[in-house]
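Take a look at this one chain, the form predicted alone, written out in structure tokens.
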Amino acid sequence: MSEKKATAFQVGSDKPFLIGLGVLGGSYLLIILLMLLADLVFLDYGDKPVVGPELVKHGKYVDENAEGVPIAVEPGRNYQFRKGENESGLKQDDRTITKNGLFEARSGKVVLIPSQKNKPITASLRPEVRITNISIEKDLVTLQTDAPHGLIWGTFIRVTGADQSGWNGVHEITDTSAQQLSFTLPPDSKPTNQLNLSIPNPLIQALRSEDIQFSIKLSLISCTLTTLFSLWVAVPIGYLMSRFEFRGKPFIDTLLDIPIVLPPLVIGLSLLILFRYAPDWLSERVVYQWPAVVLAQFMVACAFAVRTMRVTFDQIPQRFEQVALTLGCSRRQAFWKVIMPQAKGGLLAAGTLAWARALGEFGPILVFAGTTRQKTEVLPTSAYLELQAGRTEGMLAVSLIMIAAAALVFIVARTLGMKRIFA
């Protein structure tokens, strides 16, 4: 019986393992990227025309022999067309319009072309309004339109094409009715006989809104205060939990994790119940006031800062501190001269995480501070209020401001030397 020849040991290929890691990790990164791209693409960054009432009567395409739905229009006037899911376009004489946007009517009739019969009409056709009268009383301008424009209180209007200074630009509408709108001009502006109107994109409207400007300021101030308070608490607690063993340490460790695992709404409710037992003078100055915003943010953000600082101190060998103690340094001197210089990266990481976490805090603020305009309104609650009002584009504009602010903070932090922490 012949003996089998010994074969050399062969190491299996690492490619399947690495491909699996790439697929799992890449899918998560892809979802994040697609979310950000969806937010950026969904928002229309162009100005919208000021349009009048809807001209298309909604119903069903029932006539199989008809070419489409005829719609009477005014020759020489601009119309805003939006193609629906059940339409292939709009026919005007020998021209077919398939793209959304403004077009000029050449004749007195256009035909809405259906793509499917017996389906509801989903297209839209609205005339662009014309200015019929411009009146100025002191610095207040009132424009009269030839059709109802549908603008609401508190929006902005962009003026272009005026032949006098002070007119062109974005103006806040101070008053509006079905066929009128008013805004203020800079002092000593001269009358103009011509101008064009458009509605600025939601991002510009959000940045120009006094409510959003207040929420941006309060968010920046409250997040900065929250970060300072969080670091003030996180450094000693993180150092204590990293360097010392004592009775009750597991209990304290568990207690520090509670703000992380609890639903944020529960934290806000717990704070609200806690201040029911506080003195009236304290409760009145905190609950539903701006200090409640800072306290709500602090209760959640500080927990992340504590964890980060504990990990930072764990990574610094205790031998450095022991050598400093043997050389005559006190515990305090060793902490400030030996430990803290090596913990700068972790301190920056903890501050950045606390700031970013405070910026996105919503639940505790909603319950404990409320959503009062120009009082306790921060960016997350601004997005909530925009959604409640049905202004999806306004909510998305506020969300983009938050994304930009958070990204800017992380870029600055990385530039200042946090690469090793988040590498």
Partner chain sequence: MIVIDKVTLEQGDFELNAVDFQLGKGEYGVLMGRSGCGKTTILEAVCGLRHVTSGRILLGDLEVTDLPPAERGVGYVPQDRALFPSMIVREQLAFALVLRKLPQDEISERINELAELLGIKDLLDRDPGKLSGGEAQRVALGRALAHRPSVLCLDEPLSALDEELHEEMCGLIERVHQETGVTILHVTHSPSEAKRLAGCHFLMVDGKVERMEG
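Note that the coordinates shown come from a computational prediction; the quantities given were computed from them, not determined experimentally. Numbering follows the first chain given and starts at 1.
Below, we turn to the form predicted in complex with the partner chain, even though it does not appear here.
The contact with the partner chain in the predicted bound form, taken as any heavy atom within 4.5 Å, belongs to Pro341 out of Pro341, Gly248, Gly161, Pro279. With the partner omitted here, the residue from Lys337, Arg95, Lys138, Lys99 that has a non-hydrogen atom within 4.5 angstroms of the partner chain in the predicted bound form is Lys337. Within 4.5 Å of any heavy atom of the partner chain in the predicted bound form lies no heavy atom of Ile204. Contact annotation for Gln322: at least one heavy atom lies within 4.5 Å of the partner chain in the predicted bound form.
With a 4.5 Å cutoff on heavy atoms, Ile273 does not count as touching the partner chain in the predicted bound form; it lies far away.
Heavy atoms of Thr254 never reach within 4.5 Å of the partner chain in the predicted bound form, leaving it off the interface. For the partner chain in the predicted bound form, the listed stretch (314-322, 87-95, 138-146, 196-204) containing residues with heavy atoms inside 4.5 Å is 314-322. Applying a 4.5 Å heavy atom cutoff to the partner chain in the predicted bound form picks out no residue from 199-214.
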